[in-house]
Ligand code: DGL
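One chain comes next, on its own, written as structure tokens: the form predicted on its own.
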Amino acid sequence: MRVGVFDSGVGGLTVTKSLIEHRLFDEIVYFGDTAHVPYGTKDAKTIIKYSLEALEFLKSFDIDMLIVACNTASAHALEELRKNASFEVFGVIEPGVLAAINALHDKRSSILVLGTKATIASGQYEKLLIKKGYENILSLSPSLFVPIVEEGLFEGDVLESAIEHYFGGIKQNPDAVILGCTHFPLIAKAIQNYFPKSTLIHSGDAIVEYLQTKCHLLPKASATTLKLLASDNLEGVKKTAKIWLHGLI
């Protein structure tokens, strides 16, 4: 089975890593829309337009399924993508919420949702969590994290300053932090260091668990192959892939 993985930039490689490790597919065709990154600062109409263009591009690779690794696109474009695809299309928000629920049995648990401005504005995470009875939710949009990751700054003073800027006002360690942007797992170590007692929930692990449960996918006998594609700066995507997918490709 060949799956397409679509993200606004390099962040979706965090989802790709989990998919490769669990060998759910024969081949992954990864497309990073780096010419238009970040999606999180754009309006819903533009996000849908770029997402549909990515879908049409990936259709030419004869994919059997599409995973929308981008939380922003999952929040705003999933319905339109499903209308225009002849195969199953999965987003990452519902799997992320289910992973959080599985990790937090006490519905009084405090949850910090991190995402782009567009993802947070959609309220998708909050709506699904509240529907399940969780109400102690704080949502935050650390917008600088995306360009920091795109620049490959996974540690150091710039990242530490940004983390302090966004998290400095949070007085209590949340029980769980939902990394509601696929870029954020690339700086998960730094976030975990800031919130050492928090359980981090990220899209890669969540979508694997979701696909295994909902689609009954089992590990393949052979390793998953990966094709990397981008609308701009493909070499930059490959460079990040070598770092994040070290030993897997």
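Note that the coordinates shown come from a computational prediction; the quantities given were computed from them, not determined experimentally. Note that residue numbering follows the sequence shown and begins at 1.
Below, we refer to the form predicted together with the named molecule, which is not included among the displayed structures.
Figure note: of the listed segments 151 to 159, 130 to 138, 174 to 182, 76 to 84, the one touching the named molecule in the predicted bound form, with heavy atoms no more than 4.5 Å away, is 174 to 182. Using a 4.5 Å cutoff between non-hydrogen atoms, Leu58 does not count as a contact of the named molecule in the predicted bound form. The shortest heavy atom separation between Ala54 and the named molecule in the predicted bound form exceeds 4.5 Å.
Although the partner is absent from this view, Gly204 stays clear of the named molecule in the predicted bound form, with no non-hydrogen atom inside 4.5 angstroms. Residue contact with the named molecule in the predicted bound form: Ile191 places no heavy atom within 4.5 Å of it. Heavy atoms closer than or equal to 4.5 Å to the named molecule in the predicted bound form belong, across 31 to 46, to the residues Val37, Pro38, Tyr39, Gly40, ordered by sequence position.
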